[in-house]
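Quick setup: one chain, the form predicted on its own, written in structure tokens, and binding and motion questions come after.
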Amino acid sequence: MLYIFNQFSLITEENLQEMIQEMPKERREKANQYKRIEDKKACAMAYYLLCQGLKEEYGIEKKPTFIYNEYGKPFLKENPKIFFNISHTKNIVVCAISNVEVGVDVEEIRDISPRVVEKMLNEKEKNEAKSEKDFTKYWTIKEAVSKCEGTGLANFDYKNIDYDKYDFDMRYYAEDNAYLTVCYKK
């Protein structure tokens, strides 16, 4: 299941402080590390979406606690067979919840340096990526796969993805100029 929020203007400073106070200490500290109010809102809303999804999909009302793999990917301590992943960009927060390993990424489309294209895309992908939107699609695919695998991009061979191992849900949000990809392990 996919939960999406893109109405940050609805969260007042007072709402945000209430949301942060209701989060577990670890998540509260993470939210308070952000300097920009938009980033704090995104962090708090990501946690809220996870809680909402767990309640709607699995009837879990207890606030989740996390354990982490060696690369920092979080898992639900009490429910290790429920997989989730979150991502946010300037105007969108997304939370994917599944009974199979899942990764999600959302990115605002922006100018990309040729150096980054060379580093991230293999030859086939470079030939297909004719615009910033195309590159952003590939970027979100690679990020979602690395998050599904639990490695993050730093420890992942992003030029050699075996696309047959995954199912994808890809969406473009014109109003937010953003691309979203969800990756599920087959």
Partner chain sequence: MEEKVIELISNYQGIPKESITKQSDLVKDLGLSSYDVVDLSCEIEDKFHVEIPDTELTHLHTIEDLTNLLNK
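Numbering follows the first chain given and starts at 1. Quick caveat, the model's predicted, so the values are computed rather than measured.
Although not depicted, the form predicted in complex with its partner chain is the subject of the following passage.
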- Query: Within 4.5 Å of its partner chain in the predicted complex, heavy atoms considered, which of 124, 130, 35, 62?
  - Reply: 35
- 4.5 angstroms heavy atom contact with its partner chain in the predicted complex for residue 69: no
- Item | Proximity of residue 143 to its partner chain in the predicted complex, heavy atoms at 4.5 Å | yes
- Task: Answer for residue 47 alone: is it within 4.5 Å of its partner chain in the predicted complex, judged on heavy atom distances?
- Result: no
- residue 112: touches its partner chain in the predicted complex, heavy atom cutoff 4.5 angstroms: yes
- Query: Every residue in 81, 101 and 179 with a non-hydrogen atom within 4.5 Å of its partner chain in the predicted complex?
  - Reply: no
- Sequence-ordered list of residues in 120 to 138 near its partner chain in the predicted complex, where near means a heavy atom within 4.5 Å: 120, 135
